[in-house]
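Okay, here we've got a single chain as structure tokens, the form predicted on its own, with questions on binding and movement later.
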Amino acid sequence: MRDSRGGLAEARSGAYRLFAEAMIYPDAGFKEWVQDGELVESLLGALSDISPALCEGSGSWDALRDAGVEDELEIEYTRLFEAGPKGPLCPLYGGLYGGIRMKVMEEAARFYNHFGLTLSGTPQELSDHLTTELEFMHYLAYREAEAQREGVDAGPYRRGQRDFIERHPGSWIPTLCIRLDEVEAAPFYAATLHGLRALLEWDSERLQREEPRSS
């Protein structure tokens, strides 16, 4: 684990960015990135800097080197996350996993606005979409690292991450992982999202220790 000023937050920022990029639609460039091993090597490097325990299960991480043949990964992405007569099998929108979706989206947007961010309104940037939430975690961890390097209070960024994980990705990613197992998702996506769940759980526990709520 990195212990230099801002080092842990920087590694976490990189890991969230990589998980976000791993969940975009897999075009030709994406598949080359996977097959070359760049994705898994970069991700394992970041996770190792956070906690070596997050890199356990080397067999499952090997799945992040497998982009399948021809358009296999694209078909699986569509099957899992986009298509279906009653909607996607495993939607990537947190508001579809409980509660009233509009309220979930509005609350997520308030988090973003509080830290000076706005969304473009495209489908991939809806406030409750997985990649949007992970990009936000990437941003907050980056700002945390920046604050630590400059010797200023990083507490607001840590508390923002603590609360956002609890209210948003940490509240629905475990259910998404259960659904992936039930529909026998391709190993690439199963490994990616189970790895993300492990990071969120590790991060949530750490942040709650470092930034406990006042009683």
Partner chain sequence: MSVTRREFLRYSGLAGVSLSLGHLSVTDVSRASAQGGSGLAPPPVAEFTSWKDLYRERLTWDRVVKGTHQVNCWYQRGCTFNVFVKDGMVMREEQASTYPQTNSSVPDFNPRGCQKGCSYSDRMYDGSRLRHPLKRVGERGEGKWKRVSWEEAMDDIADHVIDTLRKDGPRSVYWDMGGGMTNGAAMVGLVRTIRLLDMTVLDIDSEVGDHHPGAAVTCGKITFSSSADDLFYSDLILIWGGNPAYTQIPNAHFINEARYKGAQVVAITPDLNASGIHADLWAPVNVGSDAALGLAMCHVIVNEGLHDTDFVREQTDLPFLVDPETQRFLRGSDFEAGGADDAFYFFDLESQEIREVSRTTLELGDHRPALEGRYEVETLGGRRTVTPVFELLRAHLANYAPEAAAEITGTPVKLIRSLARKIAKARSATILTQSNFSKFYHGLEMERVQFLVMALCGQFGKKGSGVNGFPMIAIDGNFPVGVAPPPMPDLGPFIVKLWKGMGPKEDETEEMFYLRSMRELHESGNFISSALLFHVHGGLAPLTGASRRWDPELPRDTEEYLAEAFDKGWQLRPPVPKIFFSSGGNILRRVRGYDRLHEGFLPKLDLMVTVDWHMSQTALHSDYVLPAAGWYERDDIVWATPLAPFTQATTKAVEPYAGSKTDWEIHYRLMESIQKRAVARKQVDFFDHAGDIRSLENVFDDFSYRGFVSADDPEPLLKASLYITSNLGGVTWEELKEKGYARHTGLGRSPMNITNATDIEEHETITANTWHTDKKIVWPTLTRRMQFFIDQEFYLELGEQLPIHKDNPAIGGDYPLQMTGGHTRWSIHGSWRDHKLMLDLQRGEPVMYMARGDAAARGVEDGERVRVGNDLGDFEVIVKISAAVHPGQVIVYHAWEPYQFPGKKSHQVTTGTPFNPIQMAGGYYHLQQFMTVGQPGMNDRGTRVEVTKLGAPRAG
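Positions refer to the first chain, counted from 1. Just so we're clear, the structure is a prediction, and the values are computed from it rather than from any experiment.
One more form of this protein should be noted, the form predicted together with its partner chain, which is absent from this view; the next part is about it.
Contact annotation for A198: none of its heavy atoms lies within 4.5 Å of its partner chain in the predicted complex. With a 4.5 Å cutoff on heavy atoms, A147 counts as touching its partner chain in the predicted complex. Using a 4.5 angstroms limit between non-hydrogen atoms, D203 is distant from its partner chain in the predicted complex. In the predicted complex, its partner chain sits within 4.5 Å of a heavy atom belonging to S42. None of D181, E56, D36, D62 but one reaches within 4.5 angstroms of its partner chain in the predicted complex through a heavy atom, and that residue is D36.
Residues of 7-28 placing a heavy atom within 4.5 Å of its partner chain in the predicted complex, in sequence order: E10, A11, S13, G14, R17, L18, E21, I24, Y25, D27.
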